[in-house]
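Have a look below at one chain only, the form predicted alone, in structure tokens format.
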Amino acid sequence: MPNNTEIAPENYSNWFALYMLSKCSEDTLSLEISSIELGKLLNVSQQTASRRLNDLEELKWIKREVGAKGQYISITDRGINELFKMYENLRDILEKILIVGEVTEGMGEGGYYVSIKGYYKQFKEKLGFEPYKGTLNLKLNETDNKILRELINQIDPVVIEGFKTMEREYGDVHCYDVYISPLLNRKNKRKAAILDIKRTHHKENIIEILAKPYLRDYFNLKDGDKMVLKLNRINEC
């Protein structure tokens, strides 16, 4: 039985039509479009596109008015709710997908930050473990990197506060609780943290992992090995 966040199978085609209308609409979720133009967007005939619009109107997902070019379409609150239903379903799926990173050689940047006294004390207090003075660098592919960035944007970070010394000023460092494990032995996992340094020389798809043990030795890792990350808020620990 579908739950209240699922789209009924008979409305899959209507939902896709709603999605395409929303995608092509302005910020106000409205647009002027003819059934011929909609048919081209959906890769269906004008007649089929016209039926889609009729169905959407009957479902009260859209409102229609006659315009100079064709029909003036606006997405209703009920239509927006249907879009959110699919968003929730897709988000749940994406959060179950494994985020896999490839072990790669680092530049020692993470280790430098961890070793700084003003940071190190906070890492111990706020992360709940005394970290090894170095990080494990993982390279993510484009898809995994996008998923990870989307997920951490929804989480409040553990903030390691910046400070000043006589020599320079150090900014805040954000950390995110994770569990890390080898792809081929996911039961062997360790509590760790993603070290998100704002001012970094790393490429965006390189992330640094902070943990209590030296992870290369703990997991007997070499460059190219695959590691799985699970953010703590969705982790079954």
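What you are looking at is a predicted structure, and each value in this text was computed from that prediction instead of being measured. From 1 onward, residues are counted along the sequence shown. Here the rigid core means the biggest group of C-alpha atoms that line up within 1.5 Å when the two forms are laid on top of each other.
In what follows, reference is made to the form predicted in complex with another copy of the chain, a form of this protein that is not presented.
J.: Since only the chain is shown here, I'm wondering whether M20 would be in contact with another copy of the chain in the predicted complex (any heavy atom pair within 4.5 Å).
T.: Flag for M20 set to yes.
J.: Look up in the predicted complex whether N141 has a non-hydrogen atom within 4.5 angstroms of another copy of the chain, and give yes or no.
T.: Contact with another copy of the chain, yes.
J.: Would you classify V158 as touching another copy of the chain in the predicted complex, given a 4.5 Å non-hydrogen atom cut-off?
T.: V158 lies outside the contact set for another copy of the chain.
J.: Test of understanding: in the predicted complex, would W15 fall inside 4.5 Å of another copy of the chain by heavy atoms?
T.: W15: yes, in contact with another copy of the chain in the predicted complex.
J.: Mind telling me which stretch in 117 to 125, 163 to 171, 77 to 85, 131 to 139 gets its heavy atoms within 4.5 Å of another copy of the chain in the predicted complex?
T.: Selected range: 77 to 85.
J.: Q47, N185, T28, N54: which sits within 4.5 Å of another copy of the chain in the predicted complex by any heavy atom?
T.: Selected option: T28.
J.: Superpose on the rigid core, then tell me if the C-alpha of R78 is displaced by 2 angstroms or more between the shown form and the other one.
T.: Comparing forms between the shown form and the other one, the R78 CA shifts at least 2 Å.
J.: Spell out whether the Cα of T28 moves at least 2 Å between the shown form and the other one when the two forms are superposed on their rigid core.
T.: Yes; that C-alpha moves by at least 2 Å between the shown form and the other one.
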